[in-house]
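Shown next are two forms of a single protein chain, provided one at a time as structure tokens under the names structure 1 and structure 2.
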Structure 1
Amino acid sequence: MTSFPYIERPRWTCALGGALAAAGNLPQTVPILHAGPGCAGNFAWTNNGAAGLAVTGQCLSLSVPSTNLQENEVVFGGLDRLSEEIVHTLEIMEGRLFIILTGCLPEVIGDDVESLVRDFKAKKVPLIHASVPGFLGDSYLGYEELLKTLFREVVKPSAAKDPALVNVWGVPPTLDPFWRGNILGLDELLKLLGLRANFFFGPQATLPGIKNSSKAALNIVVSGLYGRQAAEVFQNIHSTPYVLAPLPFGAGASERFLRLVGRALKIPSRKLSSIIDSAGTAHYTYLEPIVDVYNDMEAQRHALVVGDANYGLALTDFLAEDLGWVPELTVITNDVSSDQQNQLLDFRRQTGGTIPEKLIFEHRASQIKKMAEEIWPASGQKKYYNSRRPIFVAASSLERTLAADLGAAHLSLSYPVANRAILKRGYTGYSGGLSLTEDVVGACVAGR
């Protein structure tokens, strides 16, 4: 029998969904969907509802303007409908930047959206267009395509560079359920180096900051996959170099992050070491009170880690280095090519950190369950076996049942997260590592 690949309980939406999640979290920006009916509503619960219940926003999901194309537009074209939607959006919605996001229908029927955008730009309307049909790829690709559009259409050229200014991306809104808090943690880390961080999404971002981001001395892509191509676009247009850095959870990863950025900006090594020593001392002072209890209750665990290309590796790092656990199986849930897999592994080797004992690329929940049960067979399933218990499952909401079957503690840490409310929680940096320690150890003792 021939085995066909299939999607089971997907951990992403389409490219349009990823682009909308990003565009809706840009400052003073109004996205306009040029797509079929129902797209925005579906994204409200699949994208945002699975990101810590953050379903609504100023102009997200249920409140986003949309053309809701019907049969008439499919036959005769949708530009008139789009023009009407733009006019009414300008009358009702407050914004300083408007972004048309085209979905599958207008891309298939061939709507010439760019000509319409030029007409509105001639009238001084701040309008741009990003082509992100769902069939283009998944949410991560939509996030990256939106970044490329910003870098081409919104960022102003500047030959002058500010040595204390850096741009940061690679943490996709909603696809990283803790993205707001993780941005705060990254900002704290970069401030240790005396840098001003320019973020494109979230409460700290500003539209002037985005427009003037070409003045930055360095672009920092906090990912081995997401935003890498966008960084190359930025570098080609605005001559700004970039570095790729892993998502830094806890003390060990934060130190590597600071050294990587410091070397890229030629910060003296003695100054770097002094900054890291000081931050580490403060971090372990906060961690110290729990050490005796942690040791007395034998809190070390064997771990199953399930997450995307950012979270799978970041959580593995943290559990191994900061908690001293044994991550026996790490599953990366992105549906990526073999070339991208090799690219991610090369990135891992170059930036350091824990190499998982067993690293698998798999997004199907049933296959993840099968692999986990091969390592940790259920009691009574075999006459003789090493149970390797106790177990901890650091994964998504989809792995709750698997954790129960394994008799393991579980915490939803990677997308989708539908059983936690997330507002400002984040795990990056030294302070984020303390929060992650609280949450993970708390999950282990919750039933005592």
Structure 2
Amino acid sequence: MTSFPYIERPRWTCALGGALAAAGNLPQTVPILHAGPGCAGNFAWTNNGAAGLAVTGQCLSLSVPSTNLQENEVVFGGLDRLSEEIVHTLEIMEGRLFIILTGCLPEVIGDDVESLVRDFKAKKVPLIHASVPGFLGDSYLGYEELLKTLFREVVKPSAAKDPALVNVWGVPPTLDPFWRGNILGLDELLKLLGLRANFFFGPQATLPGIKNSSKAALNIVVSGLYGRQAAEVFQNIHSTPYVLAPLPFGAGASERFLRLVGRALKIPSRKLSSIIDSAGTAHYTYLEPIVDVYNDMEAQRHALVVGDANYGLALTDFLAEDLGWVPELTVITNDVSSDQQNQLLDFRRQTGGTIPEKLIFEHRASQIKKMAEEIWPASGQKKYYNSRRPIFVAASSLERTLAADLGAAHLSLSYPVANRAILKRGYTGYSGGLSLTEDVVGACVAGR
């Protein structure tokens, strides 16, 4: 982690927020916050400006049960309040699974939530607990902690494995603003291989599916960072091996994804090649109509990519490989240790795909601006110089000012996304690649 004394405009919220975004998107699940009075409100207001307008879920925003701890509980303990809250949650809220998420206050004052949960479990209440105080870390960590809790507490052990069943995670709900659509795109890819997949979160997920996910023959973590530890936990308890795969945006990455998963499941390579060939042909049938104009408008761009560990790599790869653009600088905005940075680079090398020309880890927008200005100094210097223009900024909403200063087209893709409405759109798979082409090229011709 950075030794810097602050994080500038964090592009995430805390562990509690990440866990809540995940828990609130599990099927038939009611999260219960054991936390301060403003935590739920804070997450709602955060996502209002960051998650592609998506704030409300079945039991999210300000509907989530919360103990709203006050000074009285901070001094005398909050367990009585939590116990009461659970009892009434069971009376009022519709759900088959209840997840207590503990925030900073009860964790500092030392509420023994585990013993309370045991009492309820003894009465057959489907209640589990994840300890995710904000001081533990960021939302990615909260997402991972929630996954581990699910794998330990909800997934039922099963020795028998189904060779056509896989589990997929690594797309953190909300932090990946396109998570719903990205899940659909991944599902589409896995169907090409004749596989069924559990994604745990989102409208397609089911509680029986989650409980029986131990039958999966393979776990696929579509991230170099998020969900790795959870994969270890799953493997230890349920003996399902895992592979790490890059988030596959577009045709090139999809091909590698299919090969990687296919190899792990011992699908013959000739069969894989045939699947990939026909999927590619279908894909380019859709792309071909814009080839005339794409060429005539000289659409090739130099690019600045800013995103989290998933998006930074996936967008760079898509722009370089599918569109043949020139990503000059890739910024990964996570606050990660140098070990994790190396881990991510190894992951990129091992799984193929574009290795960014210049990759840096930086959370400070003010620093990103400085680095961009080094690559793209203000013009008017020499008569002949390589301007590395026109520029495209594939980043978050926080890079809008920077893009304007660079005279670049801009598209909000990574969190926070304030200026787009996102429902089902996703960029994974072949069809996601077409959507991403539409959006990126669309942003270039907005003034046409």
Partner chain sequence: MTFFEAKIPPIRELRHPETALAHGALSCPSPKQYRSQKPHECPIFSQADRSFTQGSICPLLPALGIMCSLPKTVVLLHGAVGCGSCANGNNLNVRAGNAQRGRSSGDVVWLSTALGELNVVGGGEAKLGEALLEADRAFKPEVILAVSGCLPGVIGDDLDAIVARVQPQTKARLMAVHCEGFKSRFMATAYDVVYHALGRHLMPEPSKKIEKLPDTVNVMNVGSMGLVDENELSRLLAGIGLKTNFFPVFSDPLSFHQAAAAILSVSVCPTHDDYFLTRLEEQFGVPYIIHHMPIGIENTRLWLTDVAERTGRQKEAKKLIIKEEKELNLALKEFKPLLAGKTAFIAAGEYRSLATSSLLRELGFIIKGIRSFHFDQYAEVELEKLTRANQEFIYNVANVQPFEEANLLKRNPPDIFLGHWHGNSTAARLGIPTQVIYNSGYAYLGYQGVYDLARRLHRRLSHSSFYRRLGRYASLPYRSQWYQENPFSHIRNRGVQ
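If you're wondering where the values come from, they're calculated on a predicted model, not measured in any experiment. Every residue number counts along structure 1's sequence, beginning with 1. Rigid core here is just the name for the largest C-alpha set that superposes within 1.5 Å across the two forms.
Colleague: Of these two copies of the chain, point out the form predicted together with the partner chain.
Modeller: Of the two, structure 2 is the form predicted together with the partner chain.
Colleague: Establish whether a shift of 2 Å or more occurs at the C-alpha of residue 414 between structures 1 and 2, with the two forms superposed on the rigid core.
Modeller: No, the C-alpha moves less than 2 Å.
Colleague: Taking the rigid core as reference, does residue 48 move its C-alpha 2 Å or further between structures 1 and 2?
Modeller: Shift at residue 48: 2 Å or more after core fit.
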